[in-house]
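Quick heads-up: it's one chain on its own, the form predicted on its own, in structure tokens.
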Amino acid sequence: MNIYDISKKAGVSIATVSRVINGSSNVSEKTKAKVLAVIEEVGYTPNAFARGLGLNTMQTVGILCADSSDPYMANAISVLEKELRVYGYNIFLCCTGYDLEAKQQSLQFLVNKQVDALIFIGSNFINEDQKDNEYIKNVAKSIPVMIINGLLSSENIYSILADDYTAVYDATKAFIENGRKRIVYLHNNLTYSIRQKIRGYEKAMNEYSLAAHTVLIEYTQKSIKEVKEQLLNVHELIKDADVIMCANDTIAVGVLKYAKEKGLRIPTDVEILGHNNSYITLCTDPELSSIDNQLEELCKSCVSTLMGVFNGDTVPLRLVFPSVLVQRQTTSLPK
């Protein structure tokens, strides 16, 4: 029995059940009594909203990420933990890796810990094959699910997104209008987020009748050295590029090392653009330009949206934030 069953049995909306459970005053006494009677009848004690009924709650939120050593994910964890602590919540963290079975096991572990909600960091949790997303949709029947920069449409699942498509489209167009024509896009997988980035890149290239070249860079340990070695292996595919755009900053640092080994002048011979604007962009010489997807704002919005869900407020299932190109020393676009 879950909140959806309660709403059906009581003949009211899910939002109304949520408001009753959270003690909201925006519900009539008659409706409140009807919902509470159903809850008592079936013995329903939802973890996510238990405090609204005066029951015990762990005051915890489960966070899932693929790899906490990744600068993007590490930053997200830090911001989320800090924001949740403001509201009196602690976290359980699971670093799942990229295997579907491991993700499912981690989710079940957190559910068994009776967390009040789940937050997924990154679009790698969203699969193109919808049947592989069912385990997320199923748990959302019982507790709220938040996804940072990934989109999954289902009830009680809230997606907080960066507009990766527009950001990459605009950046590609800016390079073209600044005289660059041989633009290559490097990526390391095909998550929802990266698919949006590639769409933006290809759209801009097609509008100017330019050939789009996307190259998959495979590396296993977020190793910049490994990225550089992979680039040397695909040298023939990128040797003529005058702009190399990257799906993340780790790849961009690898490109910078590759370019220096090849004796290329940056940004004269080749311009390099990363994505995420992580701290590693400032650790290179020259410093890397990058698209800032405003991760901190995504995380803060994620937590505030979750608190709204807990309070029984009406909150959007999808929020989209703009991304901004931060130009440093590896690009030479007009200011």
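Don't overthink the numbering: it's just position in the shown sequence, from 1. Treat the numbers as computed from the prediction; the structure is a model and nothing was measured.
Omitted from view is the form predicted in complex with a further copy of the same chain, to which the following refers.
- Relative to a further copy of the same chain in the model of the complex, residues 60, 94 and 285 are all within 4.5 Å by at least one heavy atom.
- The contact with a further copy of the same chain in the model of the complex, taken as any heavy atom within 4.5 Å, belongs to 85 out of 131, 235, 85, 265.
- For the candidate set 75, 214, 104, 138, a heavy atom within 4.5 Å of a further copy of the same chain in the model of the complex is found for exactly one residue, namely 75.
- Heavy atoms within 4.5 Å of a further copy of the same chain in the model of the complex belong, among the stretches 147-155, 165-173, 252-260, 121-129, to residues of 252-260.
- For the chain shown alone, residue 243 is not a contact residue for a further copy of the same chain in the model of the complex, no non-hydrogen atom being within 4.5 angstroms.
- a further copy of the same chain in the model of the complex comes within 4.5 Å of no heavy atom belonging to residue 202.
- In the model of the complex, a further copy of the same chain sits beyond 4.5 Å of every heavy atom of residue 297.
- Contact check for residue 31: no non-hydrogen atom falls within 4.5 Å of a further copy of the same chain in the model of the complex.
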